[in-house]
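Only one chain is included here, represented as structure tokens and corresponding to the form predicted on its own.
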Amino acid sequence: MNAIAERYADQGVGAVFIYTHEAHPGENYPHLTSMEQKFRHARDLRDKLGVTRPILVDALDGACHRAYGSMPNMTWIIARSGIPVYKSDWTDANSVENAIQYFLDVTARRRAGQPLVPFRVERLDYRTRDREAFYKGLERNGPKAVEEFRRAFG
């Protein structure tokens, strides 16, 4: 996602990461109980995963996460007008980049004078499943996170 943010920054596309909570708390990254702890976890996320986009930290009670639907690994694209134009319950770089390209094309078409009207669409996208990388992420949180996930989902 960092590469996509960098690729489209000069075209007026901004990107932020909103740190909400630990999806799979463990010994290393337990359930959040204070904003100080939450900021520390967000800094670790930035440093260990190399997030280069600005990171905004949600309230301790997850107010922002709830307001935007509480999806597990969500992405939203919001137009300059403040209107959400894309939402996904899972962040997939290919899907996000496809949407950005589409909306940049819409902007170019409008500038060219095409009379455009909005409509809603729903589609099913696909992402690569990488269990090894997923479990490596769980392991970063601690053995408890791995065990609880395996117990819940096999």
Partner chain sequence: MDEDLLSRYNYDSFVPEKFGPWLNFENSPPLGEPAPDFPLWTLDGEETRLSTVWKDHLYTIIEFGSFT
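Remember, predicted model here, so these are calculated numbers, not experimental data. Numbering follows the first chain given and starts at 1.
Omitted from view is the form predicted together with its partner chain, to which the following refers.
- At the 4.5 Å threshold, heavy atoms of residue 88 reach its partner chain in the predicted bound form.
- For the chain shown alone, residue 129 is not a contact residue for its partner chain in the predicted bound form, no non-hydrogen atom being within 4.5 angstroms.
- Proximity of residue 120 to its partner chain in the predicted bound form falls within the 4.5 Å heavy atom cutoff.
- In the predicted bound form, its partner chain sits within 4.5 Å of a heavy atom belonging to residue 63.
- Residues 140, 141, 144, 148, 149, 152, 153 of 128 to 154 are found to place at least one heavy atom within 4.5 Å of its partner chain in the predicted bound form.
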